[in-house]
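What follows is a single chain, given as structure tokens, in the form predicted on its own.
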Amino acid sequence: MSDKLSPIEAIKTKSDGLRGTLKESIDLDNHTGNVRPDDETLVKFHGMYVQDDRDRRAERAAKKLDKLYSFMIRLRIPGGVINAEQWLATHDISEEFGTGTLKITTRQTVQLHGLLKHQLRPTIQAFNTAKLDSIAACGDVNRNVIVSSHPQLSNLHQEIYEYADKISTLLLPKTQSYYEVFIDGEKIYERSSEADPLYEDRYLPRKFKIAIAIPPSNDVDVFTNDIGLIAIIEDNKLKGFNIAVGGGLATTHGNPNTYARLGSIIGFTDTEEKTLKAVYEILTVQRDFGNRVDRKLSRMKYTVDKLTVEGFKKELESRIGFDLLPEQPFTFTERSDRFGWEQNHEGKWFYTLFVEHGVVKPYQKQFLYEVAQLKISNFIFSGNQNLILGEIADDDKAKIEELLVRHEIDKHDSALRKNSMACVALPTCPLALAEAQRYLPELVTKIEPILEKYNLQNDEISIRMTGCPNGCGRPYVAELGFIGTGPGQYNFMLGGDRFGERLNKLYKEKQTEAEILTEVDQLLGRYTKEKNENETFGDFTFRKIISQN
């Protein structure tokens, strides 16, 4: 294998702190809706992706027109919490720019699609006025730090949630190019002040993800992240965090060197100082040892396996200057969101709204706008792409309930639908091989009669679908996983556990809808007849099918 660095590495190092020629691309290149080739890489570091409408490619090509380019912008919201004023601003920005649709992501933030190039700067300026930004929401840096979303999980939720913001701030790139290119338009800092001991001028070999779980909930799928922090609570006190490293789900069809991997717990830290130091230095290990030649093998999971778990831990401990403590016991017993009303230890109310695949429907958007106008709650995005209205005083609960009734928000969706997840896929994702977000609701509708046939409509089976093997919808840790291989075809994955602690395995390749429905019918029939007492669907299929193949 050649040891020549990936072309992306050269783009980063010569980018002048991620500036590149972004100003020229935006201000001067009026002949195209795209930015220049190198700037397509750099714009990611500022929280944006270049996309085009694949549904219209053929039509535009026939007319000899450029692709219908647009941009997706994703906010950086550590822990996924914003206030009512920020929701109102986000609503208004989405109405003025882009398609008008708000998309809640699996990383506890929101993204807007369909922004035209000339709208980028005013969009970002409007977000900046609302004290929101998209810095490092994409690119080869640490991305949005996520944390278990429901405050009812623990009376220490606020203390643990604050770690997300501390880690996010600690790991932000030092360059001020975001403000220079998109907000002020002027050079506002001397370059010498941008020295970045963490990212240097090469940044990380690939994207980096961190999640914080608060047992008993694993709603963040903590083991699928490069770093997973598991809060250990005893006697209503935060003792510290178990640290897992090397999680990641992306694979490549036909490339056996790529694989999904769950994180390995390497130890425990018992103070904030030690936790933050360990997190920081894990990134430096990945920076220095990660693969910068083949981007398909550049995530930290491959670095961990190359060094071995023990070797990685040894290198980390040499950098942090102390030994990690032994792993502390914990148990996950749930991964779903807690829909409807819940009350926390302070008597505050929280209402979890089901948002199918994170796409805020127009009637939900209007409801949320009216809630925000009351200014009696905050807005919490969950790692399952749902939305929690939080911190509602007892006296204000009735105001929310009145809006729930008026906008007919409470729907009687099946447990399967509420535990479904899909990536964006077609028409905007350039990597998608098949549908996901637009199709999974339809597939679930066709599976629901099968659930009723076996009286399983209340069984919280997780179902997830992605349009390609990169795994953005986390299908590899679902009980029913579907990974696009081509138009209308999916690899069918089985055997993942309910709480995100075991990967599923390939069951059937390149399945059509008819084949999927036939298999699901047979599997659910067997599950009903042959399962052990209290056995989940994922554990059943692992025991009876996957482990026997």
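Residues carry their position along the shown sequence, with the first being 1. No experiment lies behind these values; they were computed from the predicted model shown.
A second form of this protein, the form predicted together with a small molecule, is not displayed here; the remarks below concern that form.
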Students should find that, of G267, G114, G471, P173, the residue having a non-hydrogen atom no more than 4.5 angstroms from the small molecule in the predicted complex is G471
So which of P441, G100, P430, P449 gets a non-hydrogen atom within 4.5 Å of the small molecule in the predicted complex?
P430
Please tell me whether any heavy atom belonging to G248 falls inside 4.5 Å of a heavy atom of the small molecule, as the geometry stands in the predicted complex.
yes
Is there any non-hydrogen atom of L120 lying within 4.5 Å of the small molecule in the predicted complex?
no
Any of the heavy atoms of A422 lying within 4.5 Å of the small molecule in the predicted complex?
yes
Just checking whether Q286 would be counted as a contact of the small molecule in the predicted complex - the rule being heavy atoms within 4.5 angstroms.
no
Segment that reaches the small molecule in the predicted complex - one of 69 to 77, 86 to 94, 328 to 336, 236 to 244, heavy atoms within 4.5 Å:
69 to 77
